[in-house]
Each structure stands twice: as structure tokens, then as C-alpha cells.
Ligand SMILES: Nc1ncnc2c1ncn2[C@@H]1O[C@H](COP(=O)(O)OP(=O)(O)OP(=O)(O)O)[C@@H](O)[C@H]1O
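So this first bit is one chain, no partners, the form predicted alone, shown in C-alpha cells.
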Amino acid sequence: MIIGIDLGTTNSLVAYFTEEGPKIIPNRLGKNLTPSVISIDEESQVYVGELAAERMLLYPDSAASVFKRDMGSRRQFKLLDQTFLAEELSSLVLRALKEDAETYLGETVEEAVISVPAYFDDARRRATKRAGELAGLKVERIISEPTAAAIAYGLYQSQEQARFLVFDLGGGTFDVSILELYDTILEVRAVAGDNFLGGEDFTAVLENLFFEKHYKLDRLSLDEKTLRHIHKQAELCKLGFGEKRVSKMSCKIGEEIYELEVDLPKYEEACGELLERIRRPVKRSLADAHIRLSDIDKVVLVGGATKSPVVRRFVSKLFKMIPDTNINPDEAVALGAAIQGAMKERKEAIKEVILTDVCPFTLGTEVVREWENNQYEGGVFCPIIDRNTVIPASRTERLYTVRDNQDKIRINVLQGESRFAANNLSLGELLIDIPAGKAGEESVDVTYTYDINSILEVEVKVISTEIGRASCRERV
């Protein structure tokens, strides 16, 4: 059996497919949501989920959370005397979800479809796949969260051609994807997002209001345990707006009680900068898809942060329509991942549908460009696969030497949208040996291949020798 996993910033879920449709698998505590928190004690005992979250309040130095934002980076998280990468911490969450699924289903689970934000780059997707493998799972399919949500909502079962916008605001990341449905094809037209915008930032707004009111409190002088307590109360205060227009947080610091009471309009005003950050990716995705707001037939909300009345009001005003929330926003992605797993297994209960995704970033390399009068400009970005190209995709660019007796060509694998190479993200480098000759006589074919899991492979072939001299499969 293939399970579907939503590896979230704040919470993670696991689901499986039944004859009645996809279902969430409860964890060992009987709850659908497992907090993405890891804690370790002095005896190296690992705690995952709710217990780890509770321990984090008491022993903040032994716990880590919100590490999804650092997937694919070299940042190290120190828990007591041990250090972990984000992918290693994520693997512990995935292992716990795997064990919960095996206990619930009564069978061994070896494979999973794992969702990632649509705007996750190559390094983050590779790190997610490695996390799954460290957890003992075979991960042959990585699915973008908005695409999984679209599947869960059954958009592909509609009889009419339509355009959908999936608005995915989770605990730490934000994605907006525009999908078009026609016949049995569900095509992603454009994606945009912000990997550092989510529910945690809306919680931080309340923390800032708290410290603004109690300005005598020096945030820098407070210990980690106290800061965690304040953050927890701010989170509860934020959730309180789901039921009432006025919410309150109360924190005991030392022997004193510090309180903050906020009404919804004031909170909404304080979130203005975050809401503007949401607006920018929406505009960008519409421009990339070459459509207008009025062309959108349905807006689907995904991610726990979309439960906030501030976010829902903003989305309703922006799109001039009531968004679809028929499925619990916390669960839509995991359910869609489970359906994707069933599609991979070709289960009869699943209607065959063709899903297409796109490359979220432009991919290319650094080149030297020749202008008039033998003038050269270095550090120029040469796109090879453009942003929002339908994947899987493979593109080849031929590059030539620029100096006499040049015997090497350096391929700097870049990701970004700037025409200047230095402004884009370097994913890796290849240094290719070539026969020395006159400028412009030697050349190489650089092939970028972006697969269905949005993982990049780069291959370089020296033309004069017709030999593939190097490939960059694991480094980028």
C-alpha cells in the first residue's frame, strides 16, 4: 500500500485510500494532526508530535519546530548535545507517521507520496525525498501541495472546462497555483509563492502587539522558555478569532500577569503587511497564466492558516467570491496525496486523469555574452528551462568557448529570474575539460532535465568528442 503524507511546517498528516475514498489515519493519540515538533531527552529518547510540543515549552533547548522552512539548507538545529539538519528532523516526523499508519492498517508500509509546497525549489524537494528515505520509505513521487488539494476536492471530476486557483497558506509557507481542467486533464498553468510566509507570521503579529503594549518587557533579556510561553499564548489568541471578534492572551512572567486584548479590526490592520505579501504572488501567478481575476471560476482554500477570518475576508475581497472550504483545509493535501498514491497503484476506484505540473523557477547557467566590436559582458544569466514550463521537461543549450586555447568550461547551475547570474541561486557547478582551440571552435551541449517530481538533472556533452563528459544529478 502507498500512503499519502502531508509533511507540514506546523502539523503533519498521513492518509490512505479505501473503496469509499481517501481517509486520514489517526496517530497514536487518536488525533489526525501530528505537530511537526521533535524533542530529545538526556538519554537520547526521541519524542515526536504533541508530546514533543509540550516538552518544548518546558525544555526549549531540547526541541525544534518550524524546520520545514530550512529544508535543503545546511542550517543545523542543536538539541541538547546533538545537531540535526532539517531533513533529519523531518525524517523523524515521517517515521512516526509511518509507524502510526502501520499500527492502524495492520500491515507494513514501504512507500509514500509526499507533498511539498509548489514553490519548493530543487534542493528542498531533494531534501524531502531524502527525509522519506531516512524514515524507511520509498519515495518515487513528490506532489505539489496545491495539485494534491485539487485532486482531493475532486476538481478533475467536474464535467466542464474550468479554471481554479488553489490558495495554500500553511504554517510556514504560502503557495498560489492556477489550474485548468478540460476533459480528463488537470493542468497547472502557473505557480507562485513565498517560502517564508505562513501562519507562524500571523502569530508573530500578536507577539509584537503584546510587546508593544508591555514595552517595559525586554524581549532580548527573556529566556527561551518564557518566549515559548508567550508564543503559545499568542497562537491561542490567534485561534480565538475563529469564534469571536475579540481575543485575549495572558502570560505569567515571573510573578506578574501580562495581558493583551485585541479586536478583529485591529488585528487585521496589524496584519496589513502580511496580506500585501500574499497579494504579490497572486498577481504574479495570474500574469504568468495570462488570465485575469474574473477568469477564475473557483478559489479553493488549503492550509490551516486559511481558517483565520482575517485571511478568509481578504481572499473573499480579493477574488470577489466566497472561497470553497468543503474539505477541512488541514486535511485536503494529505487526502490528495493518498489519491495520488492510489493512482500510482492504478486502483480501479480511481478515475484516470492526466495531471501536469510546472517548473516553479527559471533554471539556467552563467554565460559571457558578446556584443559589438568584440566587447564581452560576463556574469549573464542564460535561461534554459523557463519558469512555469510544463514538466517533465528537457531542454538543451549549446555553449561556445570565448578565449583562444580555452581548455575548460564551467557550468554554474542557477535558479532565479534575474538577468544577472550573481542575483540568482547557485545549485551547483560542473567543470568540463575540453580540447584547446581557437575561440568559438569548441562547444558543449548543456541539457537540463526536470522530472515529474520537480528534481533537476544536468548533463554536459563535449561536441567535438561526442562524449558526455559529466553529469550533475545529485549535487544540484
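Numbering starts at 1 and follows the sequence shown. Computed from a predicted model, the values in this text were never measured in an experiment.
Beyond the structure shown, there is the form predicted together with this ligand, which is absent from this document and is the topic of what follows.
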- Message: Just to confirm the contact call: exactly one of 274 to 282, 169 to 177, 383 to 391, 124 to 132 touches this ligand in the predicted complex at a 4.5 Å heavy atom cutoff, so which is it?
- Response: 169 to 177
- Which pick from I185, L239, I327, V368 sits with a heavy atom within 4.5 Å of this ligand in the predicted complex? L239
- Item | in the predicted complex, the residue from K307, R228, R141, R189 that sits within 4.5 Å of this ligand by heavy atoms | K307
- Query: Does any heavy atom of E200 come within 4.5 Å of a heavy atom of this ligand in the predicted complex?
  - Reply: yes
- Task: Give a yes/no on whether E235 approaches this ligand to within 4.5 Å in the predicted complex, heavy atoms considered.
- Result: yes
- Task: Determine whether any heavy atom of N453 comes within 4.5 Å of a heavy atom of this ligand in the predicted complex, and answer yes or no.
- Result: no
- Answer with yes or no whether P146 is in contact with this ligand in the predicted complex, where contact means some heavy atom within 4.5 Å. no
